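Have a look below at one chain only, the form predicted on its own, in structure tokens format.
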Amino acid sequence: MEPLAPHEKLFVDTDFIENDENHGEIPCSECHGGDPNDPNWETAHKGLSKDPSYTDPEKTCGECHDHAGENYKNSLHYNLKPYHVLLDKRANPDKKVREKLNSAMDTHCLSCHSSCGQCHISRPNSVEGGLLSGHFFQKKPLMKQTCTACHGSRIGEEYSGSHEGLEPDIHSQKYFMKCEKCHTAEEMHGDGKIYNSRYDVENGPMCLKCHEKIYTDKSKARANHSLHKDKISCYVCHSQSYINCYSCHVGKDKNGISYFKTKPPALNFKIGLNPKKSLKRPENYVTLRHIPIDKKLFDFYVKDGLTQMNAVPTWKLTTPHNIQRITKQNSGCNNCHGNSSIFLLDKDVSSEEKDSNRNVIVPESMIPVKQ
């Protein structure tokens, strides 16, 4: 995403100060700090907070929005809990090694947190920030300026159909739906509970919230949906191919600027065994996406940092944002039944990753037979 010009990033619209009866009347210093009575701009800005809603959302936003700050501190956008949980499981248990790992994670993995302000007032830091609209608060964040500014390389490109040969997600293509249609404010702001994964969030999106009649309608699709209920996820039938990433390595260049590099991504589609079976997700077969984890991810900072790689699969549950009503796999029974090429088999997994993915690889005996 092209960065904003300096004036676009910084200038506060006078209409916001003069006409916004809610936020415009609040003194700048009440949220951002500083000393408005100091005539020296250098000392007046001492202790200024660029993003006060990140350092203390409960004190800023939570002052007026009941429970907003308290709940948001436990939201995944704020605490990035899944990164901590998964990397902790893979990490070397040695304390000295863990200290170096934690420092590397702070630089590369934990810098993409979001805040109230980075959704409702400005662009995220990951795209160099900048006010969205002269400091006017956006009740519904601007999808392309905020949501896909962070979630663009996979989700945004899949949803918009940016990959050659693939259609945009039908929810975008036909119904022009924005992110908040499925990802509600209640989900984004958190409910006060701490979750280890976005798939554990109780008020997260579910297909059946909108498609509640798929098991009761009188169409031909009813039989297919009823036949496959609780056996395969919706995405197994309705996703197109999606991006899979491999072998990420992080470090710093000679100027101390942090960087990451990966192998070229692959556009494919794989069905595997469900690694997160629950009452909410009871299916046996789900779509899996390879993530760019690598045993040598943090070698620039410390050798043998991830000695427990086998603790977590590198092929993980995925819910691609590229849905179509008719896809290659659901246009005919035997496009899936008996078609081993779309299942994650032992031969599809590299030798160093076989043990970690043993519970998601589909044995040949479990591939559905031809109809």
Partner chain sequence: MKSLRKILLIACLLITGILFIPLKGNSDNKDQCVECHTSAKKLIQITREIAKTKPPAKSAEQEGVG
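Everything numeric here is computed off the predicted structure, so don't read it as measured data. Numbering follows the first chain given and starts at 1.
One more form of this protein exists, namely the form predicted in complex with the partner chain; it is left out here, but the text below deals with it.
Although the partner is absent here, His7 lies within 4.5 Å of the partner chain in the predicted bound form, judged by heavy atoms. Mapping the unseen interface onto this chain, Cys28 counts among the residues with a heavy atom inside 4.5 Å of the partner chain in the predicted bound form. Although the partner is absent from this view, Thr216 stays clear of the partner chain in the predicted bound form, with no non-hydrogen atom inside 4.5 angstroms. Contact annotation for Thr14: at least one heavy atom lies within 4.5 Å of the partner chain in the predicted bound form. Of the listed positions (Pro265, Pro168, Pro205, Pro275), a single one reaches within 4.5 angstroms of the partner chain by any non-hydrogen atom in the predicted bound form, namely Pro265.
Of the listed positions (Glu128, Asp230, Asp191, Glu212), a single one reaches within 4.5 angstroms of the partner chain by any non-hydrogen atom in the predicted bound form, namely Glu128. Residues placing heavy atoms within 4.5 Å of the partner chain in the predicted bound form fall in a single listed stretch, namely 253 to 261, out of 78 to 86, 253 to 261, 138 to 146, 267 to 275.
Contact annotation for 28 to 44: residues with any non-hydrogen atom within 4.5 angstroms of the partner chain in the predicted bound form are Cys28, Pro36, Asn37, Asp38, Pro39, Trp41, listed in sequence order.
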